[in-house]
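In the form predicted alone, a lone chain appears below as structure tokens.
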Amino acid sequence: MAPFPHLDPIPIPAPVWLMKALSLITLALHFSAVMIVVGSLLLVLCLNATGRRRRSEAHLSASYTLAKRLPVIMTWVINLGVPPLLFAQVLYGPAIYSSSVLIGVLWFSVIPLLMLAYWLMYRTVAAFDAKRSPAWQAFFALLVVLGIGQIYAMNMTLMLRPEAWQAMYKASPLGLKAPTGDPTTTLRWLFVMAGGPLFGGVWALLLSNMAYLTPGVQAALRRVGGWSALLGAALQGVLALRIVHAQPKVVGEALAGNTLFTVGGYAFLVTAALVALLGAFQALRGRGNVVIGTAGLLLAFVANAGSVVARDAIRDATLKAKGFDVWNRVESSNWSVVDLFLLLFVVMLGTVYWLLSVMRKATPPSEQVTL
């Protein structure tokens, strides 16, 4: 019996190319927010430990500056995570529904884990406000976020392995068993999590330009942010190469002639290298401006978008080798719904820009921590 039905009875409501384009854009935005959260938590822990060891109010205040923005960024992680998941369900329903059921308990656990992570981030800020160390709150928040990422990596890799589904269902019909046997699962998870230092670093570089911060806090953010961006770019580059080399031979051959994979891969490598150079420059130079900080964040996003495109090409090549070609999906376009979605998407982007402008003009908060 074929692992995938030859024809999905429910047609998709828009052309495949449009659905995939929207999926990739929203996924790149979601991954960027996830990476900022992971990187911010790492830098909060690093700066807090350094500040308490050196008795440095500048490092503690820099840690607090990053921590105060964690709950807001987490809202973007959650809201931006819904669209790409919905697009994946529409495009790859027979694959992703099967993998989700097979790890059902783990998959459903994502909701309470997200709530726990959210609460721990608020407790991290509360610890600073109470003049206590936020180390345990930030550490466990980081562990929970990393755990959620691992569950997603399991699901998105398992959907590519229909040959393992029957054995998994026999072993655990309730979905209590985590998938094993795929060498790319952990590598995929590590690649996204390694984006944390990269995005957390450029985020810290951007925040270091806030005028109300003291010169010491700005310098601490710029130095740790620059080295973090350099480290994250290097780690992601190594892991990207390992993921490509770990692909089966049939997938590797398909990718060799895939234009999207080539363009996405080179876009990632080039822009990640530029982010690494910018990070090292900022860490050593010690001075910056809003233009440099914004450029770093935009370059990081382009690198992330490139990796998302390459990742999508790997998924399509893997599924096609196993009998599922997403480009052959039956289409019955409903353009009124598509137009409404695109309109609301543009309105959302405009609203986000307006909210950011309001925040920029608002009265600066107090983010100075005293020993």
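In this text, all values refer to a predicted model and were calculated from it rather than measured experimentally. Counting begins at 1, following the sequence as shown.
What follows is about the form predicted together with protoporphyrin IX containing FE, which we do not show.
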The one option of 299, 95, 74, 120 with any heavy atom within 4.5 Å of protoporphyrin IX containing FE in the predicted bound form is 74
Note: exactly one of 256, 105, 82, 246 sits with a heavy atom within 4.5 Å of protoporphyrin IX containing FE in the predicted bound form, namely 82
TL;DR on 291 to 299, 170 to 178, 140 to 148, 125 to 133: the one with heavy atoms within 4.5 Å of protoporphyrin IX containing FE in the predicted bound form is 140 to 148
- Message: Counting heavy atoms only and using a 4.5 Å cut-off, do 59, 217 and 285 all touch protoporphyrin IX containing FE in the predicted bound form?
- Response: no
- Task: Using the partner position in the predicted bound form, report whether residue 320 sits within 4.5 Å of protoporphyrin IX containing FE, counting heavy atoms only.
- Result: no
In the predicted bound form, is there a heavy atom of protoporphyrin IX containing FE that lies within 4.5 Å of any heavy atom of residue 324, even though the partner is absent here? no
Just checking whether residue 64 would be counted as a contact of protoporphyrin IX containing FE in the predicted bound form - the rule being heavy atoms within 4.5 angstroms. no
key: Non-hydrogen atom contact residue 193 with protoporphyrin IX containing FE in the predicted bound form at 4.5 angstroms   = yes
Within 16 to 55, the residues having any heavy atom within 4.5 Å of protoporphyrin IX containing FE in the predicted bound form are 23, 27, 30, 31, 34
